[in-house]
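Okay, here we've got a single chain as structure tokens, the form predicted alone, with questions on binding and movement later.
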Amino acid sequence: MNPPAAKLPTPALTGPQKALRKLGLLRPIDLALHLPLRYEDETRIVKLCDVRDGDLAQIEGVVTACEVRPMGRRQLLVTLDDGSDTCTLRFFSFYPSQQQALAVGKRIRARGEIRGGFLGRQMLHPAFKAADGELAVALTPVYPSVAGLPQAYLRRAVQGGLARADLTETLPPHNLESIGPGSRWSLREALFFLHNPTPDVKLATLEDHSHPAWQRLKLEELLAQQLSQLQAKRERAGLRAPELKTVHQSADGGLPLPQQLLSALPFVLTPAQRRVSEEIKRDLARSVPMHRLLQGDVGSGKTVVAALAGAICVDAGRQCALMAPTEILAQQHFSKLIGWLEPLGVKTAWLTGSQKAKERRQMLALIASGEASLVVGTHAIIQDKVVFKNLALAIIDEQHRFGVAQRLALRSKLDEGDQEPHLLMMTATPIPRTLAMSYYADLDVSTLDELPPGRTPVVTKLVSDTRRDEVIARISAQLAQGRQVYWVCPLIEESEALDLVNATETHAQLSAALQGAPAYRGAPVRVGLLHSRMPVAEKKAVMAMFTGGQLGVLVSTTVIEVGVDVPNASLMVIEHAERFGLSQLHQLRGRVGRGAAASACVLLYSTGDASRLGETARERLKAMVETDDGFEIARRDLEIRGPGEFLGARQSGAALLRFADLATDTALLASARRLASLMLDQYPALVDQHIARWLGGKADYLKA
């Protein structure tokens, strides 16, 4: 018997190799698709006499002086003479080896920005090398990199990947001219050009990605995304789901549950709510799983639409689960749904991570037996111990707050062969059209585009924190009228502990400042405090007191962002508003204006030196003051942040668009959509190759 072969040791990775892995550059195609940030022109030498101040230029000359001077901090000053003029090369940090390379008499090439001044022309920290080689024949690429990965090493790695990568065409062989700009370039031609552009190209077309080679790359990227989404949609059409049909009359001769709910509601549905409910009703009646996104602005009535969908499911004898990202939001849904559905005989279960063991066991038993037709809770719903008897509809609120794996886990809770539940996802952050076309191409989208009557417009004011006393006076006036106030504390992402300190200090300051204020409902003003680290029972008690009107002011962190509905609250103060995202500000503002009283939102911003408003923060606050339309807010948010940040957790684990820009490449996106449909119908083999090249194993994340 032969002894087992000795296992050869795996060679240790070098620092640059580890850095390549950190950038995700594992396959030859990954390296080939790692495109330059910018380019340097090392193809020509320019005479100093022909250069203007501010030009980026490469010059060649002889070193005539090289010395280190103290000048406050040590500096290396090198004088370079190219025969037409002289230039000082100034280095604030340097090594002895650099001094040797720049010794008097050496002939070198230096590249950098030419600056004029009282002491003559100079370059600060220019790139330089000995002038003993041939000039480059193409522009020199500068790549995105990380620490420990020199540009020279990265250039060699990219060129190696480019040579080894399989760049076989995956686009159909005909009619490419009709697709869009760049389609006449092959993928190989486009990539080789972008890594080695000729010096005659207009640099601006490379930098703004308008060059035909860039257009070809963007088309390929958008096509991969569209193919993955459309493929997922078609695969879903082959799956099966329970058919949830409402009957005209129940078994005992009464009205079906959805009709009973509509009759019992204390309000009439808006036309938008009726339209969207009909869309969902048609989907639920089919044997193909619904995969629908319900989007609507803050306060547009998504919960009642979800309740009607749940009523259809329960009426068909099946279970419905509603999952929300926070206990406050889940509790809000639970309270509303119990109020609407329990009087109609619907048993509801409640599941969260903070429940006592006894209550949890009771709820799990109700769910497993099917006695609880409607289950509301947080991510606790998707834990292994939760077993449904016959789940048929999963509703996920604020779906972008959940990771892909969590949404897939909820869909897997129906254990009936090849069937899966219908899926309704809800978001109060409206999705701009181009984003929906791109990242939600596999979803049917329903839109609540009108607010119920009775919602009052919210006036938004931008106020400096130097006027804090005026804001507190405004709070006193609201309290004197019997109104309530939210005060949201600043967001400090780096430290939840600091968030807590801020909230606690603000609560103490406001309590002291309002001691002498006019009475609130005939009693001294009471200020409540709410933050994420409080025990659940304490949170519930504080919210109940505020909802019941016992507290005049609620100081809170962003836990009240969604799900809090207090019609008597008419003033929202957001401290350090410049630290919040645009959709977050819009969500917070949506907590007021829910009653008949005129409401306002004060965006309190800091004027301290350390917190001067940056351009992005300025744009966010400007948008908040100029519009309260959630769809316009979403469009501006997309412009400011880009699709990656806007989408949040939806794309966890998947590469977002690296090259295409949804704001400027709408025409390319439309072309990619048409081409994706054509390829799935006529070129299925090319589809798999194209998706594998661009998405690797990440395509599944686009399907959740």
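For every residue, the number given is its place in the sequence shown, counted from 1. The model shown is predicted, which means the values in this text are computed figures rather than measured ones.
Missing here is the form predicted in complex with adenosine-5'-diphosphate (ADP); even so, the following discussion is about that form.
Taking the partner from the other structure, adenosine-5'-diphosphate (ADP) in the model of the complex has a heavy atom within 4.5 Å of a heavy atom of Phe267. adenosine-5'-diphosphate (ADP) is not drawn, but in the model of the complex it has a heavy atom within 4.5 Å of Lys336.
Although the partner is absent here, Pro457 sits far enough away that none of its heavy atoms falls within 4.5 Å of adenosine-5'-diphosphate (ADP) in the model of the complex. The shortest heavy atom separation between Pro453 and adenosine-5'-diphosphate (ADP) in the model of the complex is within 4.5 Å.
Screening 576-584, 89-97, 164-172, 290-298 for residues having heavy atoms within 4.5 Å of adenosine-5'-diphosphate (ADP) in the model of the complex returns a single hit, 290-298. This chain lacks the partner; the member of Arg483, His379, Arg594, His507 within 4.5 angstroms of adenosine-5'-diphosphate (ADP) in the model of the complex by a non-hydrogen atom is Arg594. A heavy atom within 4.5 Å of adenosine-5'-diphosphate (ADP) in the model of the complex is found for exactly one of Thr303, Ser210, Gln75, Asn568: Thr303.
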